[in-house]
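First, one chain by itself in structure tokens, the form predicted on its own.
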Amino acid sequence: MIAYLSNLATLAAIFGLLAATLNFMVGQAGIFSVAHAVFMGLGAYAGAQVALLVVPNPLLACLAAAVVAGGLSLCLALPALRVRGEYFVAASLGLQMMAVTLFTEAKPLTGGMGGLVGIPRPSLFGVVIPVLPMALIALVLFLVLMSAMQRGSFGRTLGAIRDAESAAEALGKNVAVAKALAVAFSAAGAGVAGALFALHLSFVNVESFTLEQSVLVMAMLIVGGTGTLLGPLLGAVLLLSLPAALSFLPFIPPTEIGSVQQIIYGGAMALLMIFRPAGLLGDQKRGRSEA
């Protein structure tokens, strides 16, 4: 039971980091994306290759994951950042679909559909360490960084872009650079989450980085509240705990847990949009979330 709870806590911390970094794009900069799982996948494969080919050092794996995911996000996202609103959502959807195909076909790097197996357990100075404390440290670090940036001039610039992009540009803000930096930072955080995910499971394949995964992370963000610091964490805990809670209900067959889970997800999202459109921790009076 302790191992089960430890595994659940580790996944909650990893997906909390994913949701929090997506929130930096959506809640702070107003950049809506359904391709966050792509950057998680880039980080997962980069971290796994470092552990397999070099050394299973979690710090080195996370650094490589952040550099690869953050760097490639600029190459992939800069053309898409020329558009805004629903057009960027469509562009990110295309990126998500293309990335799944690339992950499947790039077998020397990703292992294809079979994935990368036998990823060694993370170790520092020859001592094997669990992923949970590393995931919690990474989560706290990124939350502190995001909180500091939101209070600074960069955060104010992103807020202005979110509220009125044309007005921010007219006031002399470099919108393209600010949005690109926001995407790169968010993608780097997703890459770190991906590396920790790969090290935790000792296995990674393309099925973990599909559109369904991106939608799940977005759902965590919406449930908790966009633009809030702790909302994405609450959403991650709630949505990851639901399958575990359903498995303990004797009247639900194990084969039907997935279907019941989807029904609950859909119903919960509909109720939230009606009664708490800003999410559980969002500012309901203003109709949107606040940082």
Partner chain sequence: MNSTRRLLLGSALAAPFAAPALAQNDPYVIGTLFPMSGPNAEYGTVFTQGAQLAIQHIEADRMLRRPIRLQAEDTQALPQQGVIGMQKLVNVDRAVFTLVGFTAVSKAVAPIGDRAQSVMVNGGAVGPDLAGLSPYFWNVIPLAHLETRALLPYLSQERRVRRVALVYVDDPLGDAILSELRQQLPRVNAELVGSFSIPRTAQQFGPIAARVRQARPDAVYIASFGAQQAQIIKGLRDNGVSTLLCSYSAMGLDSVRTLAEAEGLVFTSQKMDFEGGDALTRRFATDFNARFSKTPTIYNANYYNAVRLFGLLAQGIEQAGGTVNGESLRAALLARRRFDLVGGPGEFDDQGNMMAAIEVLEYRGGRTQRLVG
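Model, not experiment: these values are computed from the prediction. Numbering follows the first chain given and starts at 1.
The following text describes the form predicted together with the partner chain, which does not appear among the structures shown.
- Proximity of residue 114 to the partner chain in the predicted bound form: non-hydrogen atoms within 4.5 Å are present.
- Of the heavy atoms in residue 201, some are within 4.5 Å of the partner chain in the predicted bound form.
- Though the partner is left out of this view, residue 57 does not reach within 4.5 Å of the partner chain in the predicted bound form, counting heavy atoms only.
- Proximity of residue 24 to the partner chain in the predicted bound form falls outside the 4.5 Å heavy atom cutoff.
- Comment: 116-124 is the region of 116-124, 187-195, 135-143, 152-160 lying near the partner chain in the predicted bound form, near meaning a non-hydrogen atom within 4.5 Å.
- Taken together, 15, 250 and 258 are fully in contact with the partner chain in the predicted bound form: each brings a heavy atom within 4.5 Å.
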